[in-house]
Structure formats: structure tokens, C-alpha cells
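Only one chain comes next, encoded as C-alpha cells, the form predicted on its own.
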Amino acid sequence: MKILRSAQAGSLESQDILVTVKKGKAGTGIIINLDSPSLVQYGRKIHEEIEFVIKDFEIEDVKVQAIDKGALGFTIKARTETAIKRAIKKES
């Protein structure tokens, strides 16, 4: 799959995450920029959950900006999936 446009999902509310995906340059791979108050404790896990969803969609070149406000794993995955689906959807 290829990212066609920038898209986002989520919010900056407590216990949520705002995930923005953008098309990356060819050959750059998966770039995840994470901002979280619990970065030291859970940053690696959040990064892994985002990357898991991206790889599930077989996306190779993408830039992800994630601003976490204490989201749980299922929320992180859902927001990432929704942002990707919006970014790959062709306009009618």
C-alpha cells in the first residue's frame, strides 16, 4: 500500500493519541516521531504498536507524528489504523 495524502486520527484529550501519517520519500522507511509524557516508561512499546500496524498494511515509506496523552495499546492501534486508512483512500 502507498500513502496518498496526509491524514490523522485521534485527539489531544486525556488517554488518547493524535496520529498523523504522511507520505515518506522513497527508500526512507518508517519514521516515527513520538511525543509522550511517558516516553521513558512506555515510548518503546508505543513505537512498536504503531510500527506493527504500519507493517500490517505493508507500507514501506511513511512519516508518523504521534502525540500521546496516555492512550492504551488498543487505542494506539485503532488511531494508527484509522489514520492509515484515511491516507490510502482514493478520493471519489
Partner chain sequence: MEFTENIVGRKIPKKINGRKLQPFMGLGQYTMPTHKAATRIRRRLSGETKLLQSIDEAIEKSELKSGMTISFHHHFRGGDNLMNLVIKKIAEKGIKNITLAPSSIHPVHAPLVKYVEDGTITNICCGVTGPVGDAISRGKLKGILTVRSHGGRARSIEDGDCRIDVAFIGAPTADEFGNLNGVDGKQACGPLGYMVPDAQFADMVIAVTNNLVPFPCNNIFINQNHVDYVVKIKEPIGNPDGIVSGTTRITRDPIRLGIAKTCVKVIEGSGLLKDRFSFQSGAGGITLAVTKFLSERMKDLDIKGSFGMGGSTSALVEMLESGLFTRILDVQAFDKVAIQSLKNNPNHIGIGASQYANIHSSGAAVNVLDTVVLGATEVDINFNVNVVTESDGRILHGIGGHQDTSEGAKLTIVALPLLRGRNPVIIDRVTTVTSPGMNIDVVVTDYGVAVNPECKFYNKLMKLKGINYMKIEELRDIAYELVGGAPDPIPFEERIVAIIEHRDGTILDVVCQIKE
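Since the model is a prediction, treat every value here as computed from it, not as a measurement. Residue numbers count along the first chain shown, from 1.
As for the form predicted in complex with the partner chain, it is not shown, yet the points below apply to it.
Q: Just one of 5 to 13, 21 to 29, 79 to 87, 65 to 73 has residues with a heavy atom within 4.5 Å of the partner chain in the predicted complex, so point it out.
A: One stretch meets the cut-off, namely 65 to 73.
Q: In the predicted complex, does Gln41 come within 4.5 Å of the partner chain, counting heavy atoms only?
A: Although the partner chain is absent here, Gln41 would touch it in the predicted complex, with heavy atoms inside 4.5 Å.
Q: Just to confirm, Lys45 within 4.5 Å of the partner chain in the predicted complex by heavy atoms?
A: Yes, Lys45 sits close enough to the partner chain in the predicted complex that at least one of its heavy atoms falls within 4.5 Å.
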